[in-house]
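Included below are structure tokens for two forms of one protein chain, each presented in isolation as structure 1 and structure 2.
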Structure 1
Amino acid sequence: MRILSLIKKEMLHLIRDKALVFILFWAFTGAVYTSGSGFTMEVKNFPTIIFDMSKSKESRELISRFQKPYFKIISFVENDRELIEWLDSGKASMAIVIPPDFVRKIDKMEGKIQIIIDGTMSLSATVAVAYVTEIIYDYGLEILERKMGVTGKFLENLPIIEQKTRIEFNPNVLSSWFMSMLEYFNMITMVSLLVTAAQMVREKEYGTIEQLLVTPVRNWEIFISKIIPTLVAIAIFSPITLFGIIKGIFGVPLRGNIFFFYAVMLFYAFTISSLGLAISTVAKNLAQAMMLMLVILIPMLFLSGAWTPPESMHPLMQYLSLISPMRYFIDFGYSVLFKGNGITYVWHDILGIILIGLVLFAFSSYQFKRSFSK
């Protein structure tokens, strides 16, 4: 009965805090939607300018291949000064420079063009360069076939290796699928960390933590009463995100067992909430708690494997990522929701979440007892 009374008290505090309720609603709706629709890793309408010094049939044929939706030719410049102005002003992100001897070089099989690209946004620049490379490669093959007099009938008699690319789980390579789900996982992490730490720090700021300590309740009961409201809030808002935003708006197919995902997701929230309690035992006020959250949350995000696969990290970073619960949860979430995998494929992620959660809960309990026994 004691723990139920504590949980009821914390739930009332959470419900009455209108600002916190609004933050929770925005985190699981607006933040996920804007992340899925406002950020893309695809290249569309990439602003491109052309400096064609050849002005030949061959150069026009090459230019015609840079079309929407990937590239958008916004201007044809006549000199280097205009080209630099377009790039420096940020109005253009890529310039294609075709030299005056382009046709003569093609006749000698030595044709070259220059691509100047703004590398400020390195991800978009990398994807754009890949598209340009593919366009120029295909154009070069066609030129070679014409020069060698190769016909379609001749090619039919040659052995051919046919390449067919099949992309599983996200066949259209939609970044909205990946980004919306990643932001959902991030919001679970941030809410679990923020709400639990804020509730405990508020007790310290108001001086009510001492009142709790003199009551006949144990430390773990206080901790559980702080964690349960966070789990309830996440459990309530998650269906809105999964079925209203991720599946309803972005059309992401949820292939896995939702109840299985929910069970592990709530234990992950318990793990992160335990980390929030550990932070609250160190911080003296909410401002300090927020700073500590940033110090912990940002490295945990970069080590999670969401942006860089662990296999591509430095060996030291790979080992450090093993202590990040976010790495296990993101791998688990994508495996279950995207791929429909069962426990056979994700048991090691669940084990990692459980072990880290128990360690963090034990540490926060010890730190709480130690800090208030002085």
Structure 2
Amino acid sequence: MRILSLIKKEMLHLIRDKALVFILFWAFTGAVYTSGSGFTMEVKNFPTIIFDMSKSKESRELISRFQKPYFKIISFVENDRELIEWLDSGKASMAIVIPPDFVRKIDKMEGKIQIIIDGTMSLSATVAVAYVTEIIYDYGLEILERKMGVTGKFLENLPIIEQKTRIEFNPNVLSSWFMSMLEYFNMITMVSLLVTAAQMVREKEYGTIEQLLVTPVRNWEIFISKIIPTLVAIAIFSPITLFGIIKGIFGVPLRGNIFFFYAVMLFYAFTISSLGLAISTVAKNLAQAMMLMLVILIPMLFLSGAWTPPESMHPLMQYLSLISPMRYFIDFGYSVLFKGNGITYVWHDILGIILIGLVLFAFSSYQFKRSFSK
């Protein structure tokens, strides 16, 4: 029952710090909400300018196809200088240039449209170009069909392949679905790492760790009591995030088994907390601990597979990412909550999370014993 009073002590530490509780609450509500609603990778309102040298019925018809929500035509320019200015200043990200002899070229069936795109953001540029190409291609096809209809020389119905695309799990490709969940996963990771490590390091900085050591408590009991309050905080806030924000506001269909997710999520928080403990046994003060956490956290957050497609990663990086618990958790989280998968698809992720957690916990205990037995 020693451990219970230890846990009580740690819980009090956490609850008494009002500011800390408020920040944790914000992390699981406000931060998730703003990420989901504020940030988008969709090409939306893409700032576009048009240089229409043809000024014909056809060119106007084509221009009318570039519409919201994808594109926002912010200006019609009249010369090269203006065009360069818009792109250089970064106010426009794309320019569509219609040549002066557009109509004549269409008649001769060799019309060509030029797209100039700001390549400094290559990903949205790629998507925007794909949209534009699609629009121009469709328009071209329509003209062709119209012509053929009139002359009737060609085949009535053009033999073309039409793609019917279905995006599974997220049919409207909403990035709010993805971002809100990602932010929630990020927050679980950050909170478990930072709070656990900081609580432990504080004990060291204040010297109160010595007091704990002279009591009959065991090392693992100290550790568990440091981890539990963080887990409790996450467990209490998570339903608000999951049902209030992710499902309630953004309407993400949580397809998977929530209890299953919960169990693994808490174990993941344990694994990350153990990582925090391992850091706290090495660092002397919070400033040092912070640097160590930073160097581990940043690559973990951004190389987890959520931003970088694992397929595109350098092979060396792919191997390196195997030691990151977050990589498994991201895979697990989206797979279970989003795709509604059961254990058959994610057992290897769970195994990874558990193994890394146990290794880290054992390492911290060993390191702790070593540094204090002197």
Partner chain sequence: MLKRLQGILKKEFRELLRDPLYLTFALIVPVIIIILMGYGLILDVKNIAVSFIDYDRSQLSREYRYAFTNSEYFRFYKLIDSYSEAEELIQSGVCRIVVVIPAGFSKNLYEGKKTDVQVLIDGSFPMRAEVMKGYTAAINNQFNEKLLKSLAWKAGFSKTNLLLGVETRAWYNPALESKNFILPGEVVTTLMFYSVLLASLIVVREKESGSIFNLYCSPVKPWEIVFGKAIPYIVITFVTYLIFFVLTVGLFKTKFTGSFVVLTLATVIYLACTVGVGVLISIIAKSQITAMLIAFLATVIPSFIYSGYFSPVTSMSEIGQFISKTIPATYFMIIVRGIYLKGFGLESFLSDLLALCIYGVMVYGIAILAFRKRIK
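FYI, numbering is relative to structure 1, first residue = 1. Keep in mind that this is a model prediction, so the values were computed, not measured. Between two forms, the rigid core is the largest collection of C-alphas that superpose within 1.5 Å.
Colleague: Form predicted in complex with the partner chain, is that 1 or 2?
Modeller: The form predicted in complex with the partner chain is shown as structure 2.
Colleague: Tell me, please, whether between the two structures the C-alpha of residue 348 is shifted by 2 Å or more, with the rigid core used for superposition.
Modeller: Comparing forms between the two structures, the residue 348 CA shifts below 2 Å.
Colleague: Align both forms on the core first, then report whether residue 119 has a C-alpha shift of 2 Å or more between the two structures.
Modeller: Passes the 2 Å threshold, so yes.
Colleague: Verify the C-alpha shift of residue 101 between the two structures: is it 2 Å or more after superposing the core?
Modeller: Yes, residue 101 moves 2 Å or more.
Colleague: Report, to one decimal in Å, how far the Cα of residue 58 moves between the two structures once the rigid core is superposed.
Modeller: That residue's C-alpha is offset by 3.0 Å.
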